[in-house]
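Taking the form predicted on its own, here's one chain by itself in structure tokens.
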């Protein structure tokens, strides 16, 4: 089963939707606060949201002043939900692979939340992302941290002391980039592992200027909602967030 359309699998979709609808999830308590902190000014801007899912971020961009938002996702089920719950005249949802940027307007921000680890050829994708941005435009994306994607089968685990306290983390095959297959609600979820250098170097070679790399730590409230999340993230980060800019002078709004 291909991860690029795994979200249209009925079992996966219903489990994923249930996860996102509860407050007890890492996305809302850890990844999303960091991503929103890093958003540039969106007043009058054009935004591409790659792997837009349920469309919550597309609607947030409009609320922040974006004049045009285009959300891409390969899952028809996801987009049906997005159009019903997060529709707006400024938002266009397209059912297509997020690596297919042909025919889209030049963007001032390309945004992606936890989707780039599904991309196989990241080097080529980085070049396409650069070409799709206006001068001075921003790329902001999150993905599973390379320490998470490394182990085949997703068998990473925390090690505990005699009192049950998490003290370390075990993983393998970090230095072997490539396809990984694991169980997440269903068997056969496909992702692609890249070393940290395999992420940063293609972006630099494409022409991006790196602005910030973030491995977010949770706040006090998050640790109350998900007990132990701070300790686990201090041992091993779950997410990698990259903010980069295409050099040049942005056009006036």
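Numbering follows the first chain given and starts at 1. The shown structure was predicted, so the numbers you read here are calculated from the model rather than taken from an experiment.
Below, we turn to the form predicted in complex with a further copy of the same chain, even though it does not appear here.
K.L.:
Would you please decide whether residue 213 lies within 4.5 angstroms of a further copy of the same chain in the predicted complex, comparing each non-hydrogen atom pair?
P.N.:
Contact check for residue 213: yes, within 4.5 Å of a further copy of the same chain in the predicted complex.
K.L.:
Taking a further copy of the same chain as it sits in the predicted complex, is residue 145 near enough to touch it, meaning that at least one heavy atom pair lies within 4.5 angstroms?
P.N.:
Heavy-atom contact with a further copy of the same chain at 4.5 Å: present for residue 145.
K.L.:
Against a further copy of the same chain in the predicted complex, would residue 226 count as a contact residue? Criterion: heavy atoms within 4.5 Å.
P.N.:
Output for residue 226 is no: heavy atoms all beyond 4.5 Å of a further copy of the same chain.
K.L.:
Applying a 4.5 Å heavy atom distance criterion, does residue 106 contact a further copy of the same chain in the predicted complex?
P.N.:
Residue 106 lies outside the contact set for a further copy of the same chain.
K.L.:
Just one of 66-74, 199-207, 27-35, 52-60 has heavy atoms within 4.5 Å of a further copy of the same chain in the predicted complex; which?
P.N.:
The contacting stretch here is 199-207.
K.L.:
Looking at 118, 171, 93, 125 here, can you tell me which has any non-hydrogen atom within 4.5 angstroms of a further copy of the same chain in the predicted complex?
P.N.:
Contact residue from the list: 171.
K.L.:
Enumerate the residues of 43-76 that have a non-hydrogen atom within 4.5 Å of a further copy of the same chain in the predicted complex, in sequence order, or give none.
P.N.:
Heavy-atom contacts within 4.5 Å come from no residue here.
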